[in-house]
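Here are two versions of the same chain, shown separately as structure tokens and labelled structure 1 and structure 2.
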Structure 1
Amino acid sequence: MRHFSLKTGGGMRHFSLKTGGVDQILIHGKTRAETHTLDKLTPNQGQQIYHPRAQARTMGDTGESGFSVDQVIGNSPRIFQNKSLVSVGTVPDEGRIVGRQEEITNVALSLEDIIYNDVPDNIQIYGKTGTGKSLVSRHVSSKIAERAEENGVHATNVYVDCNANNTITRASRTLYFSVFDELDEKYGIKAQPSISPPPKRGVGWKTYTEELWDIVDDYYDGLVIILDEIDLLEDFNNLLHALSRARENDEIETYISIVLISNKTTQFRNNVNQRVKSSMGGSEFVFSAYNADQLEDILENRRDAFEEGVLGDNTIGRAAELAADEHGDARKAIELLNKAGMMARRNMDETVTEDHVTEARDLVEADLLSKSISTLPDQAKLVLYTLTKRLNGRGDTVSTSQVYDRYQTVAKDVESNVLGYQRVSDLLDELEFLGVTMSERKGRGDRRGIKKDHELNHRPAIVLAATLAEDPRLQDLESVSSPEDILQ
């Protein structure tokens, strides 16, 4: 007989495992004990024993021979029917795209000339996170390529996430191999001796663009290049100049449309140099935030991501409400529903409720934030961690000098180089550009000049969890095994 305790959300549960011809579980309730064979447990009884987030400790025998992963697999409630519908990055059918008919029309008209083998417009799209910029661009450009093929015009579209490919070399390499892989799937060009792709390491960005022009010119009449979060791409001016001038410089005969997507309207415009502005031209659109009703429609159109009857009465409404509070972010609304479903399954609950959505809110915000933080250099993460630890709450502020004083200790604690004051100040500016922080210059009023105060755009616990997720060194400082522990 082995005795165990499991700590779950409902408190401490105790059980005993009898081994022999048949494994039996003795569940110790508040008033009585029940004995069950292992293969006849109901889902609720299983929850008391195999809670995935439970912290188990043995009372007596510490052996683990009584547990098998087979007891977990296939025994959780069936929550999802088509989980991809609530996965960020999925481009759904047009019937599921809500409240963006005008934006779809504008983008389609700008790219339409490709289907006639003529010159399309370049496009710049601005708007806050989760307003459908990427979704609309990818959907329309795919439709343009399909219609062009129907007209006998060979066209394709390429999507580059500049958050993940944030250097000019990475972005150029992704451009090249996206096209190369598509052509290999269609025509098997890897087997052609005349085509030899460049190595994925050790060459400069111009090698990729030059090779790109060769294969594009041989196979395509039209090409749409989408550069998402272009403001996060280092040295984007050089890449944009090369792409926008390729046909003019007789490097290529293919018609190219460049679609730029940015969350930072003013900052990005200010950082585009004059020669790129001159060669890009084209159309400019701003996507407004979704309202609560639109967000609810978006989620309703993805209800079939879940098994019938799994969603509670107001689960979708609660997710839409929370996302509307955060400037109408559809991406967050979809992630909330996804995470809520995951929580229900892990808790062995058969219904996804409002409570699951509310509980998922902080995890979703931290997860989305960590994707931005992942692009930062290690020293910037140290600076962000230092700033977060100095603040007591959202709206609280701290000066650059106060951050720097604490930063020096943090850097030494993780055995990192200690940067100078000005470099730390520059990294704080970078955090502001990324949208993680806000800064304000203030006069001291005592003849000592101007100081700069910094605050967070999110609750400190959210930023701390997201930062720890991207830097294991800082987890050691906090003595946590998982960044999620910060949010508990």
Structure 2
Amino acid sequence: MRHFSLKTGGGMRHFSLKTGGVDQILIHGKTRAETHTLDKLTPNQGQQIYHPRAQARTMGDTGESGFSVDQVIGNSPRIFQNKSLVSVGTVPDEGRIVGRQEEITNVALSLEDIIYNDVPDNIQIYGKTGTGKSLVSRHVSSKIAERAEENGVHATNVYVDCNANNTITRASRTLYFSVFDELDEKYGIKAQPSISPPPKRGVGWKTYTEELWDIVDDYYDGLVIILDEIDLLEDFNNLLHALSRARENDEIETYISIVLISNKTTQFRNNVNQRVKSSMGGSEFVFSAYNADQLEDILENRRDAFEEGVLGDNTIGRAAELAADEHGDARKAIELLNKAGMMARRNMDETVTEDHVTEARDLVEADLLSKSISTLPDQAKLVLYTLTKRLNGRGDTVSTSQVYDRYQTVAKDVESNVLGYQRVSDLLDELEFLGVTMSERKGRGDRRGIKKDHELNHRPAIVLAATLAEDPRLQDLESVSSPEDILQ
């Protein structure tokens, strides 16, 4: 297997190529297909991340040497007119937010005092994935800042994704620089000699919070701090303590509201220490999952992502129904519609039907799963792979010992170090916590330690595709050139 990198408009892509002796490849990207000659690509020495959506295919041995990319570009049926509406990264404008009035009201009332230059509440928002937690909190906090400004109160909000900023140094640096950059845009503070931002490296997290208080206190009466996916932040208690005590400790006069978001309610709550609980206080809101009707409304409101007449009669209904099947995840519903459209386009079909949605289901599930396991350590991915290979279908179970025995071979095969039984047992617990597996304790354990039976919450093929997408070493073991091959 040879590994290559390619710089494209969408960023760096990594992929692997099995066949030798070819000089041209066609890459199907997420949004387009491109041909490249191999000598223009940068070869890598192993350890590459396979881009799950890029497929490399040899040109020489398929006899398509007369192929030109011009045959592809601009020649597929027009399916989308505004694809960003069904891209989950896009934050929709107010008119596209459907329902959630009660949740919006609760969050707005907790933050509202900021617009009167008074003390707001801190809040914690819980709920399963894709229930609108990030959307509602970002939307309401921006509105609060806008309304405060209209009242002559200077307020702003800052959003930290703790998945991408998972240490308190990174999180506090992001907090600082988000506020700093916004102030620079508004008032050009970079040019002011009295303000010099701390260096981006080599200083501890407290430097960033101290400097943050300086600029916030000078410029703002109110500040909303959103810490999204807070459970993924290491040592979050220390940061929360510092943020929630700042006013009390006379470090700042600005009124601050801290909004914590998590989809791991119990685990997060259990890990918050008593000191933080008492200084944070505030209200808790739990966002419920959407039902099929609500998901259908959300999708209907984005129908104009597609060209008129392209969507079949029950395409939206089917996507809503499939997404409601598991737990009512709006992200999944949107992704299903997006992938169904992509599938139609790739097949040169002029309409997107409910069959496309059904076909897209496995791809979307594997994609969402690979995003959620991407936060796991590499060894956990090996354990998940081993567990999946040991099972004969969904509903089958396998014991910790059985997983461990096979794991040792897998770890050696991919030239990884081999962890002890207890560590592997802990990683299996992490997988259960993430919701990928379910485990049940079996007996009292033996000399190796606790024994459990484990099963998957998804079909094995889906977990396998997701695991392979996340770990290229496993693709070599399975001899596939694309994780998607597993699903076909």
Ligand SMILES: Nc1ncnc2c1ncn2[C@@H]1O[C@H](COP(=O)(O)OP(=O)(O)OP(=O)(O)O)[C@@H](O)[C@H]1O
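The shown structure was predicted, so the numbers you read here are calculated from the model rather than taken from an experiment. Numbers given to residues start at 1 and step along the sequence of structure 1. What we label the rigid core is the largest C-alpha set whose atoms superpose within 1.5 Å from one form to the other.
- The chain as displayed in structure 2 is taken from the form predicted in complex with this ligand.
- Structural comment: of the residues 273, 192, 177, 92, the hinge joining the rigid parts that turn between the two structures is found at 92.
- Treated as two rigid parts, the chain shows its smaller part rotated by 6° relative to the larger one between the two structures, based on C-alpha superpositions.
- Relative to the superposed rigid core, residue 207 shifts its CA by 3.8 Å between the two structures.
- Superposed on the core, the two forms differ at residue 197, whose C-alpha moves 4.2 Å between the two structures.
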